[in-house]
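Below, in structure tokens: the form predicted alone, a single chain.
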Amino acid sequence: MTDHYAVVGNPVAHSVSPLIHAQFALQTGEDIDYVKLLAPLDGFAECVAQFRASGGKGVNVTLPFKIEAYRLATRLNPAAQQAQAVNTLKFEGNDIIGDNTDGRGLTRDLEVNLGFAIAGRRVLLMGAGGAAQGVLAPLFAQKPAVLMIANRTLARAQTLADSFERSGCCAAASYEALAGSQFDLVINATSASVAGALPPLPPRLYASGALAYDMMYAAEPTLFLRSALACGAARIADGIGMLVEQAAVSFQVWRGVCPDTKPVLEKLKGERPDWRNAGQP
């Protein structure tokens, strides 16, 4: 029988996750279908419960529900425990098992697909919500020289940085306090791109050869990526590769099979303007 999965978010209409998982299913011979579920902002748990009651086997979770999904899970895998945010739920008996595949997806996209080694680099992570929480530990595991967390509310960024205080290379700052600093990798983990807004970064932030990375994805470069090019970034990339890579980990969590991401990413890139990983849009 066909097993049912979904991505839950608000908004969610833009999601290409159903296409990605359909390609994984064809590749591996797994009998699944995968749909989009728009959850009301105050109705995430009810939306998940209804899908589970209808026979659903698991869901991916996107903005703005990753922290709520963490609270909903009855069991947590180590990545979710560390992130305190969940992007993958698996329904198993009476349990809701929570995992977070975002960080593994991001680091694989950066290091394998984009050829950008994180070790020894100065990294700026913007945002302190569920998206940032999910990638912080995997980024840190790659041993950057500096990992700075910037957020409009400094206290939230400081809370995240404090979890790595023993390392001495993770810190928090307001956007204003970044003035005079430069970074090799600048990652936008905020929701600003969804609203067509721009984080308030100071000028001359990008070091020579710097990569600007937006965890959001779109057919055209986001406002953040266009601004990064204008402000000195040498390369830009959006989160389409991260999406494919984290989806592969989710697929393995659900099905016990690890799909090949390369042909799926190539298919998605072939359907988009050729600006990803380029020095200009």
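All residue numbers are counted from 1 along the displayed sequence. Please read these numbers as outputs of a predicted model, since none were measured by experiment.
There is also a form predicted in complex with a small molecule; it is not shown, and the following applies to it.
Task: Position in contact with the small molecule when the complex is considered in the predicted bound form, options R156, K90, R122, R108, heavy atoms within 4.5 Å - done: Of the listed residues, the single hit is R156.
TODO: Note which of L185, L147, A80, A128 lies within 4.5 Å of the small molecule in the predicted bound form, where distance is taken over heavy atoms; exactly one does.
DONE: Here the answer is residue option A128.
- [ ] Please determine, with the chain shown alone, which of 185-193, 96-104, 109-117, 69-77 has non-hydrogen atoms within 4.5 Å of the small molecule in the predicted bound form.
- [x] Result of the contact check: 185-193.
Task: Touches the small molecule in the predicted bound form: Y175 (any heavy atom, 4.5 Å) - done: Within the cut-off, so yes.
- [ ] Check whether A197 has any heavy atom within 4.5 Å of a heavy atom of the small molecule in the predicted bound form, and answer yes or no.
- [x] Yes, A197 lies within 4.5 Å of the small molecule in the predicted bound form.
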